[in-house]
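Starting off, we have a lone chain in the form predicted alone, written out as structure tokens.
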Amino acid sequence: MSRDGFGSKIGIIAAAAGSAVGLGNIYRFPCELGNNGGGAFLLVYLLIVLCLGVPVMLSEFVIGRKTQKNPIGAFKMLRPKSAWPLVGYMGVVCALVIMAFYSTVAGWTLEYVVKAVGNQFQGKELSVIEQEFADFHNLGWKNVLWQVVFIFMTGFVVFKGVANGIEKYSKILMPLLVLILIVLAIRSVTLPGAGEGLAFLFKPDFTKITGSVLISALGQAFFSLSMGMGVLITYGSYIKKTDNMTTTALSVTMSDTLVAVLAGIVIFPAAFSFGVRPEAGMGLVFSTIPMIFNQMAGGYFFCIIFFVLLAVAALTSTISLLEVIVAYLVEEVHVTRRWATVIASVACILVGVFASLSLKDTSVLRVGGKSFFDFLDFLSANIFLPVGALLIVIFVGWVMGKSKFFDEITNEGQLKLSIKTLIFFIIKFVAPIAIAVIFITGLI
């Protein structure tokens, strides 16, 4: 039986970029930038994405395309009868963990699309909107309902397969996401006082570049590009042997960065225009942004567009997470894609329900003093992702070796790549150190 795969170069770029682009680009990136010096953080972030993000992404693509298998099958093929397949198992578990709590937040976007369409923010003060957001967390059944709906939407796309599902819908959703961001950015920069927000975003103050800023930028780039969770290995396994993986990795990182910067252009001019603190984080998205649109001419229309944008961004990420689990079930457990999608979706719902219900003020669903939602977030972001990515670059740099890496990224010598030695040097020496720093910092 022939293996499903991407049918075009633009398909893999759209799908992989869709995985990287998510809610983190829309709210986490502006929050990190607001807390870490504005333009100085942006400059450091861009350098890290280019110098570190591309090589690490290539490491995962190489493992996936060389083996044409899911993360577990890939390590089994490359190093059978060793402990390395455990890295693949960790990636699949990580995808399930992230999907469980990420789908909770994704469900919120659907609730706020409904609120925006119903014009439920009209005439309300910020404190009222903030309280309504807090009250929504305490409606456990409503959180679960939207979460299940979102997982169903994700399962529908994944069930269709790689070419007819993930690729087809990614090629629609990603351009739509960028288009919506551009429309909102144009509206934001035309607000009174928007220039101050643009200056904060693009005028770096080099005195603000500290060790803390470097660590924050490194962490944001690392997590934004979906490294270490099995997604890039899975998507890499669908890349054609004739495609140029280096240009694909560059295109994905550029797309991800473009969306993050556009999100900054949407949020900061509007925030400064209305006197809102730039470091408001999640509250900036679900509380302050509705208030800002509430005061804009045409705010009703733009508020709907913004929350549709959030839902689209979330969907492109949940698709990739679910596909990691489905690919494992299809190839290693040997069930059909239909049943694999059902099993994976049900598993995500069963774990995700506890994450949603743990956000209630009266919830007893806590682990180590954290809500179950925060525990899953910490477990993935601070343990699974950095450890997984660290082991992947060590595997490519020290176990797979230079010759096999060069063969794969040059398509057996068919492509000329003058910087391949530099890329491998980064993978072998620089990336492990950088990722180790993220891991230790995250634990602290």
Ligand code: TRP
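In this text the structure is predicted, and so the values were computed from the model without any measurement. Each residue number is its position in the shown sequence, starting from 1. Throughout, rigid core stands for the largest set of C-alpha atoms superposing within 1.5 Å between the two forms.
Form predicted in complex with the ligand: not shown, discussed below.
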- Task: Answer for residue 23 alone: is it within 4.5 Å of the ligand in the predicted complex, judged on heavy atom distances?
- Result: yes
- Message: When the contact criterion is heavy atoms within 4.5 Å, does residue 231 count as touching the ligand in the predicted complex?
- Response: yes
- Message: residue 288 versus the ligand, in the predicted complex: is there a non-hydrogen atom within 4.5 Å?
- Response: no
- With heavy atoms only and a cut-off of 4.5 Å, decide whether residue 223 touches the ligand in the predicted complex. yes
- Task: Find the only residue in 74, 326, 106, 321 having a heavy atom within 4.5 Å of the ligand in the predicted complex.
- Result: 321
- Note on the structure: Among 52, 385, 396, 409, just one has a heavy atom within 4.5 Å of the ligand in the predicted complex, namely 385
- Message: Each of 98, 102 and 317 within 4.5 Å of the ligand in the predicted complex, by any heavy atom, yes or no?
- Response: yes
- Stretch in contact, per heavy atom within 4.5 angstroms of the ligand in the predicted complex, of 332 to 340, 240 to 248, 223 to 231, 129 to 137: 223 to 231
- Just give me the residues of 74 to 92, first to last, that have a heavy atom within 4.5 Å of the ligand in the predicted complex. none
- Query: Would you say residue 355 moves between this form and the one not shown, meaning its CA shifts by 2 Å or more once the core is fitted?
  - Reply: no
- Query: If you line up the core, does residue 45 shift 2 angstroms or more at its C-alpha between this form and the one not shown?
  - Reply: yes
- Core-aligned, does residue 219 move its Cα 2 Å or more between this form and the one not shown? yes
